[in-house]
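Form predicted alone, single chain, as structure tokens, below.
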């Protein structure tokens, strides 16, 4: 039992019922906090406990959890990341979607570690949270507004420009299954959390707080964060790329490696990348931006001065956006990419899934599987930026039968369309793949297949060690052969532990801190003595991975869901440095089997009770284990 109030937490969680317009506050379960750290870890435990099995993600019974992390609101660098947690309307499984927007920090300043929302308001509503109190306010005048309009209107209505706002756009209101939530210009992008908000008639959450967040060990904390800044950021060449260029600089690496999604993943090299790469962005960049407490500042604001998209001002594009709305659609013009990025953010659409479903539809058109009769007269060909600009808005508003189909996401769209169209659908568990083609990095394929929320690059990122050919297992180097299944499962497992614990703490993935540093930071913030030993930090990550798998298995996930799309196994790259490459099924099956064995999961991908006891989940988890 936890007998003291640790640092990094405020100790309160609000349960909000939109149907009844009531809320109550309970103490944060500190035993869960000690086991699962915070953020996605503690949020997973609340979701497992309070969400009944089998709930429709778009029903009033689904929960929408906004959970903060221990490092949020402290002086720890690059630590504003916080998750929205729910059951995904895109996949039907677990969803956590993180943002560096300032709303999470403000929620802690307002006196809450998290809010858990259920029910459905009878009319469009927004929540106003201020210093421990929650108001239900009409959002009827906000319904239909784009993201920036709604944010501005709420701040003006409340008479306080410092209020922090999470809001959905028209896409969330119309239940587009990959609608996102904007948090002060940063996106909770993946998996459709915006549609869950829309299904609850919840337009926005506005937060204002005057509190502070204390750390348990101030002297130790100051020493650790000083070392993090000096040794791990300003003298780290990887961080230097982020500081100079932003995440879009990753495109040089992936394009050269043959891993850049191009024309619906038909190949891994884009001959027009220089038109949208980091140098192209720098030429139209007007300023840099950073999340709160971040010394890197990887965000670019760009302005398009000429051409048909002249006057476009947007923040971005990040690497994933440039890849999925750029190379994956055959777009090599920075003006067109900026316009697509701007529209997606304003209307509230995840750019990765948007690029995925548009790429799929375009390939179908070029193959003759669909025609102008299906598209509503659109000439849907790779590189046709005007068609894509039209479709982004059409999808957000579900303007036509074709746009309505695409708004369901690639998996549901192909199942509804038929005509062998699922053969060209690139997703895992319904979540469209991000910007690292597994045919150029086999372990990336395993990572996508077993990721808890579907095709995802933020559960592990083995492409780095694969392409570079080196990986350290603790202090021991292990050989890595890029095009081989050997020694790949252990990389994915270990990276999943690190990512789970790091995100539960609230630290951005773009910073290059090792587990020892992250573990000591957790200790200094919370005061939990066990985190002086890095093994306990890694064990906490392993515990979180298993906890979320319990939730997913309870919701029907099996090993049959841990698979890759046919394209990855059957369609060789048609050009570039990996021309002719596929990921052989036998390689994939070998990696997957080894992954389950290392994890201590059975052949159906279920954590055994022995494994759950070994990683020390709390006893309450076992009532959800029905196998």
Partner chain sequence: MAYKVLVFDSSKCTGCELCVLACNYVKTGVFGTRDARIRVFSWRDTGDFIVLGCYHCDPAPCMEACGVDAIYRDPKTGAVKINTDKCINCKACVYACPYGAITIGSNGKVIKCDLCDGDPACVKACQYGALRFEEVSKVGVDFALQYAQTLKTKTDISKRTWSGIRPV
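The model shown is predicted, which means the values in this text are computed figures rather than measured ones. Residue numbers count along the first chain shown, from 1.
Although it is not shown, the form predicted in complex with its partner chain is what the next lines describe.
Participant: Within 4.5 Å, heavy atoms only, one stretch in 138 to 146, 71 to 79, 110 to 118, 85 to 93 touches its partner chain in the model of the complex. Which?
Facilitator: Answer to the contact question: 71 to 79.
Participant: Is it the case in the model of the complex that 164, 229 and 290 each bring at least one heavy atom within 4.5 Å of its partner chain?
Facilitator: Checked in the model of the complex: all three residues contact its partner chain.
Participant: Would you mind picking the one in 408, 333, 184, 456 that has a heavy atom within 4.5 Å of its partner chain in the model of the complex?
Facilitator: Filtering the options by heavy-atom distance leaves 184.
Participant: Only one of 174, 200, 151, 549 comes within 4.5 Å of its partner chain in the model of the complex by heavy atoms, so just point that one out.
Facilitator: Answer to the contact question: 151.
Participant: Given that its partner chain is not shown alongside this chain, does residue 478 nevertheless sit within 4.5 Å of it in the model of the complex, heavy atom to heavy atom?
Facilitator: Contact check for residue 478: no, nothing within 4.5 Å of its partner chain in the model of the complex.
Participant: Although its partner chain is absent from this view, report whether residue 222 comes within 4.5 Å of it in the model of the complex, heavy atoms only.
Facilitator: The answer is yes: residue 222 has a heavy atom within 4.5 Å of its partner chain.
Participant: Although its partner chain is absent from this view, report whether residue 215 comes within 4.5 Å of it in the model of the complex, heavy atoms only.
Facilitator: Close contact exists here: in the model of the complex, residue 215 approaches its partner chain to within 4.5 Å, heavy atoms only.
Participant: Is residue 554 near its partner chain? Define near as a heavy atom within 4.5 Å, in the model of the complex.
Facilitator: Heavy-atom contact with its partner chain at 4.5 Å: absent for residue 554.
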